[in-house]
Structure formats: C-alpha cells, structure tokens
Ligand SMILES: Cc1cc2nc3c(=O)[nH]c(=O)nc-3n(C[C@H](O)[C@H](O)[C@H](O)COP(=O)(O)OP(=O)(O)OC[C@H]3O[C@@H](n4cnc5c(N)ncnc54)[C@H](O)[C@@H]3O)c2cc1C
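Below you'll find only one chain, the form predicted alone, shown as structure tokens.
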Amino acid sequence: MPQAPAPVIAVVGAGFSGVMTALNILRRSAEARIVLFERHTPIGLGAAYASHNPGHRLNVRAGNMSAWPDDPNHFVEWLRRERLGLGPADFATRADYGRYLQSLVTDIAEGPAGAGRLVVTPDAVTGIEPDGEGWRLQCAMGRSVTARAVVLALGNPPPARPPGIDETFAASNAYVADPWRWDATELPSGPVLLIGTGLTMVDMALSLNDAQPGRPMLALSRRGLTPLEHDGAPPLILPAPPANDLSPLEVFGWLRTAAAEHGWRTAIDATRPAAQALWRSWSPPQRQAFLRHARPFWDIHRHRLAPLVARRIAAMRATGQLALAAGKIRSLRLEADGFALCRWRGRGRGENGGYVFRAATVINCTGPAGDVLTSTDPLIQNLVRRGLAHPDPLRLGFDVDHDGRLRDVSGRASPTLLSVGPATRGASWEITAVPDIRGQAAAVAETVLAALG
C-alpha cells in the first residue's frame, strides 16, 4: 500500500508562541510538516523581541526564561556560550532573547531531525475554512494552503482606542495607535502624552528619551499605577502556593498573610504556579470582579521591572521629565499648530479637577485589546463571520477549552483548530509570559499530534 503523506500543520504567527509550538511539534514527530506563516520578518521576534534598544530588558530573570519546560537552564547556557556575562539572576535584553529564539529555529529546523519539514511563508493568513478532513487557508498574496490542523499564534493585538479619542484625532499624525509600529527618531520634537502607565509605557518612555533626551512626557491612566521593581535574588525555596479552590477574596487574604511573613515579591511568586488553576476555578462573576477591582494591583506586583530599567524610570520621574498621573481623558483635539490639546480630569477630583496638557505626539500604551468582535484583523473577522470562533465570556480573547481548541459559535471545540498564547487569556489568564507560554506550546503540540493520530 502507498504510504500516507505526512500531515501538514499550519502555524499562523511566528512570535514566541508560534515558533515554540512549531518546534515542539518537530521535536515530537518524525513526520509532521509545518507551514509557519509570518508577515513580519525575521521570525521568532514578534513585537516583544524585535527591539534593538539595549535599554529594553526582559522583566523575568534569565534563569526562568528557558524556551523548553524540560530544560530550565537552556537560556542561561546559551548566554554563557555567547559570552554575554549574564547569569540566572540577571535580566537579558529583549534583542538577545530574540537571537536566542532564532538560534532554536536554526538548531532544530535545519538540523537532522527537522530538516525540510519547516516551511516559513512570509505572508498573512486572511481566512480559514473547512476543507475535507482539514482546513484551507487563504493568504493575503492570493495563494491558498491546505493543512490537516491549524494553530493560531496571533500574539498580542494592538490596543483598543481609548475613550476620548474620536475618529478625526485617531486619523491624525499626532496619534500613534500601535506603540510597537513606530520609529522614535521620526517623531516631532516636543512633549508626549502616553496613555497608559504599564510595561508598554515604560518601554516607550525609554525609547523616547533615547531619541530625544529630556523630552517631557505625561503618562496617564485611570489609577496611575506603574510596575514595581524586582529586588535582590529570588528565594531558593518558595512557600507552598495557595489552594486551587480559593475565591478571589480568599486569595488576596492569603497574599496579605504570605507577604507579611515572606515579603510581597515572594508571596506573588509563590502564587504563580496556582494562578491558572485558580482562574479556572472561579465563576464568570468572580473573574469579572477580579478584573474590575484587583487586576491593576496584581499587574504592577506581578509584572515587575528589571532593576536597571526601574532606575532609569525613577531618574526621569525625579527630574520631572516623566510625570505619572491618575485620571480620565475628557477630550483630545488637534490644534492649528499640529499639537494635541488634551483635557483630562484627575481621579477623585470631580468636575473641578480638570487639567490641560499640550503634546506633539500621543501614544496609545493601554495594552493589548482582547475582544475578537471588535478586531480589525482580517483573519479574526473571517473566523467570527464563519462562526468558527467567538469571544470568551469576558471578551479577553478566543473562547477555547483547556487544551486550546477553539470553540465555534455553537460551543463545539474543534480538535484541529487551536490557539496558543495571549489570545487564550480567557481560559488561562496568566498566559502572556514565557514561563507560561512555553508549557502551553508544548501541550498544544501534543494535542495537535494526538488529534492527527
């Protein structure tokens, strides 16, 4: 009998999520072929690791940044071979981590185990439809590709437009809608308004200051909270995590007790292994309550700054170059000289607590949007229109089951249409950092191969 052709698996997106899913499949199967779609080159970088700014550092220590869950020292050993002078307690640059990921692709895809089984396609996928036992993918440049299974590794979508910004201002040259799709050296000189005060704001502030030292900046968010700093080496042994069946209120009670005994950083780190199980045990109202009341405080404690980055931000704040504020934009309009006039109200200040800020540029740093129903991505629009995908109950991303399989509009999970990475936040919540995604990528690879027999 003729041998059955090797199954083709399409992976859409070649940031960390997509690359590691593809490489895990190649490691686990001697036959499967991968078609990896990525419109931006080179692969393996995504928005996170495409930066060449040496000031942009990972916010996780090198010792916890291995791409392989079964080889925790892999990244540290790579740093040693590259003679970068960094150890497990240090914070590597984003650019170096991008080089690390690209080295994995070279080692596996071009090595004896994976040679000829990975095809990188520099194109965007704009539509997916069922095709017999598999799927047909339509590409932006007109070609179509058939695959037995598809894994969507779409990464973080651009942020949603904040309240107070109308269509006219959003279309102006003064507004940067996607903080990762601009060049700081091409911006006009003058003050900058950063909408958002999280990790994205930190990266933008550093880039802006590098391009024009001393440039005044105002970072504005609803609460004005900014990420806290890593401090010292982590403990060798963490306390036991909280039980998986605690309510959000009980978890924060546990955190307060653990923080009093061990320090808040250790308490947060001890919670991480249980974070996904806790999220899955909560009802939709409990999850919604967490997002509304506790998420900003969790984020600033959970997603910390490397000490070098924290010191630079602190210096900019000390001189008054970077101001952080809590408030809400009331209006943004373009003036005759091309500057943006922002009127905003301070948090808790009432109608009389109004302020004005003139900016040459306004950058949206509010973080990734999640609602697939409002996405402008042609592929996501196609999936929703066909009923192959829909949002999770809280509209954080796709509705998927615990194995990452997309649920269609009827609620049925497809065994061969899956998602990995930030688009699965609704099911896992903690799925934006390497330590979380590397395990998910390995699990999704197993799920895909099992589905194909």
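Everything quoted here is computed from the prediction, not taken from an experiment. Sequential numbering from 1, following the sequence displayed.
What comes next is about the form predicted in complex with this ligand, which does not appear here.
The single contact residue among 388, 427, 62, 48, judged by any heavy atom lying within 4.5 Å of this ligand in the predicted complex, is 48. The contact residue chosen from 310, 379, 109, 251 relative to this ligand in the predicted complex is 379, the criterion being a non-hydrogen atom within 4.5 angstroms. Contact annotation for residue 278: none of its heavy atoms lies within 4.5 Å of this ligand in the predicted complex. This ligand in the predicted complex is not approached by residue 264, whose heavy atoms all lie more than 4.5 angstroms from it. The closest heavy atom approach of residue 406 to this ligand in the predicted complex falls outside 4.5 Å. Although the partner is absent here, residue 226 is not a contact residue: none of its heavy atoms lies within 4.5 angstroms of this ligand in the predicted complex. For the marked spot (58, 94 and 156), a heavy atom within 4.5 Å of this ligand in the predicted complex is present in each of the three residues.
Heavy atoms within 4.5 Å of this ligand in the predicted complex map, among the stretches 390-398, 416-424, 66-74, 22-30, onto 416-424 alone.
Within 4.5 angstroms of this ligand in the predicted complex, the stretch 160-190 places a non-hydrogen atom from 180 alone.
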